[in-house]
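Shown next as structure tokens: one chain only, the form predicted alone.
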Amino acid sequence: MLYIIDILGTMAFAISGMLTAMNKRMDPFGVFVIAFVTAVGGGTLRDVLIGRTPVGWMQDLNYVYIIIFGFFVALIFRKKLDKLRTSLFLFDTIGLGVFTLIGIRRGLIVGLDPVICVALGTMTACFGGVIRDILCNEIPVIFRKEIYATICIFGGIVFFILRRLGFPEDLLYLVTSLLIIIIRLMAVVFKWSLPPLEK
């Protein structure tokens, strides 16, 4: 189930990257590149940092196939994508919860400190969007508007607290991912954001 949601989250991230690129009026190749880096950029950076090479999407081509599939689906139905924004947002939110835990798990597998594991989880979930925004010449959304990365960090802290309390592994992953998803939904509904720093 975690793998299936991971794949769906990858496609949702790819399509969100496409939407941004199309708003910037890029050509099809540019749109595909932005979609690709949005979907796998965070995981690629994480794998390089922990020395897991070849990186994940090179070992499992299902990620590449799902991005290509998402690209052509979005290309064909691009005029209807605005109506699907709510559904894409839900997949994106689910992907956020799952990608955070995948990053944490990768850190645990190689025996890293919990603080570094939380950083890896946050990076996995958020840095594809950071790379997308930089390539699109924008200040990354996570630095200026939404409490996106903060939710991942909070979820990672809760993960290790529950782990210390002896939660079963399956329940641990389920509870933590649901917590991240629920807080993300609430943050958007109630327009929660961190206040900007003033001079």
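This one's a predicted model, so the numbers in the text were calculated from it and none came from an experiment. A residue's number is simply how far along the shown sequence it sits, counting from 1.
What comes next is about the form predicted in complex with a further copy of the same chain, which does not appear here.
Enquirer: Is it the case that M123, even though its partner is missing from this view, gets within 4.5 Å of a further copy of the same chain in the predicted bound form, heavy atoms only?
Expert: Flag for M123 set to yes.
Enquirer: So in the predicted bound form, does any heavy atom of V110 sit within 4.5 Å of a further copy of the same chain?
Expert: Output for V110 is yes: heavy atoms within 4.5 Å of a further copy of the same chain.
Enquirer: R25 near a further copy of the same chain in the predicted bound form, any heavy atom under 4.5 Å?
Expert: Flag for R25 set to yes.
Enquirer: Taking the shortest heavy atom distance, is A39 within 4.5 Å of a further copy of the same chain in the predicted bound form?
Expert: Flag for A39 set to no.
Enquirer: Tell me whether I66, R105 and F159, taken together, all sit within 4.5 Å of a further copy of the same chain in the predicted bound form, counting heavy atoms only.
Expert: No, the candidate spot makes no contact with a further copy of the same chain.
Enquirer: Scan 32-57 and note down the residues that get a heavy atom within 4.5 Å of a further copy of the same chain in the predicted bound form; none is a fine answer too.
Expert: V33, I34, T44, V48, L49, I50, G51, T53, P54, V55, W57, in sequence order.
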